[in-house]
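Take a look at this single chain, the form predicted alone, given in structure tokens.
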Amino acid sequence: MDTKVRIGRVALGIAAVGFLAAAGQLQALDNGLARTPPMGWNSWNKFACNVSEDLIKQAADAMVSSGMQDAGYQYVVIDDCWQVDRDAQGNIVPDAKHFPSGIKSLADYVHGKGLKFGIYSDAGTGTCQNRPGGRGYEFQDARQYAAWGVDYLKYDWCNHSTQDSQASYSIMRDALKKSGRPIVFSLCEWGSTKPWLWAGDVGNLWRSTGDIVDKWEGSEKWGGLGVVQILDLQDGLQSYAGPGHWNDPDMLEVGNGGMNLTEYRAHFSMWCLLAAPLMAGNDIRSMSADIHDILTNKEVIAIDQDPLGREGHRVKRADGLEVWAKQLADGGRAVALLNRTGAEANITVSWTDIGYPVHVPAKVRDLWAKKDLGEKTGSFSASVPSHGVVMVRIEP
């Protein structure tokens, strides 16, 4: 594409953001979508740039045949690297070698499975893998996504230069609204500009932390974070989440090999307690029975999908032993006893920790053992493995 045309379009896009902001016309998304946290699969964590039409079709097939669809997963999302250029009219051009049938045909295939189709772009001039970004092309891209049958847009934050995040994401929100198709809007600016303070009027979900890596704890030089580092950053943001607008602590690493089963079970449990979007990131075509059982535990998923839409939070911590709790629509509580230490330990949740009077009797059910533990009064205790959780539902 001619460089002058590209620069001109970018300048027009920036000017449009400034004009709309000054005129007070940046309106809330209010698209009626994502009333519970979105559930699906995304290609990035396992496959990165190695994406293709065949892979996405196989992932859609596997989502149905594995029972993930029955468990609530519905979005199949291509992350970065599906796009290679823009044509002379500025239209985004898919990689014809890896997506020979085109994006609409692929979306139709996914829809034919009873699933929904998602795609990726970036609010900057280029994506994180330096493919064409959306800056200056927001309305044109949104029309194209709608024509293709896109149901979900993940919008990244690379190559953004001096852009203002709220204004940049708001113009794409308005573009999606005008596209004529309901599209879940997933903001991916890594929590860098505190999106929980402004994104409730812009997107359906927003990344509230840096990128996850497939490890229990620690961080990478480039900024990647382990599970417990993300948990620490997520706690305290619960008041900003609710139906239609969710904090997003990043996609799931369950099944990618960097953690053991106990840690993966804890990772999944905590994301469900946080009312986080559940975007599987493993190879669902060939996952083990143990990984399948983690990702499809309907009782744990029900905590994530509870219609009240409350995000859980930490209510007690001492020496690496923690209690997290989430209020449920029926008045019950989901509770995770989390052991961050290197040895098995006993953890107790008191009724006063979760907003119940001490004298109230309550039924306790272990959501991983899928077993009723009887009626308790005042507190509940369990032995929790190192880097593990005991997750229970407590109902007075």
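In case it trips you up, residue 1 is the first one in the sequence shown, and so on. Just so it is clear, the structure is predicted and the values come from calculations on it, not from any experiment.
The same protein has a further form, the form predicted together with a small molecule, not shown here; the description that follows concerns it.
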item	value
Complete contact of W82, D95 and D141 with the small molecule in the predicted complex (any heavy atom, 4.5 Å)	no
Answer range among 318-326, 229-237, 205-213, 253-261 for contact with the small molecule, defined in the predicted complex as heavy atoms within 4.5 Å	205-213
4.5 angstroms heavy atom contact with the small molecule in the predicted complex for C188	yes
Non-hydrogen atom contact S101 with the small molecule in the predicted complex at 4.5 angstroms	no
Partner contact for Y120 in the predicted complex: the small molecule, 4.5 angstroms, heavy atom	yes
The small molecule contact in the predicted complex: R135, any heavy atom under 4.5 Å	no
The single option of C128, I301, I284, A107 touching the small molecule in the predicted complex, heavy atom within 4.5 Å	C128
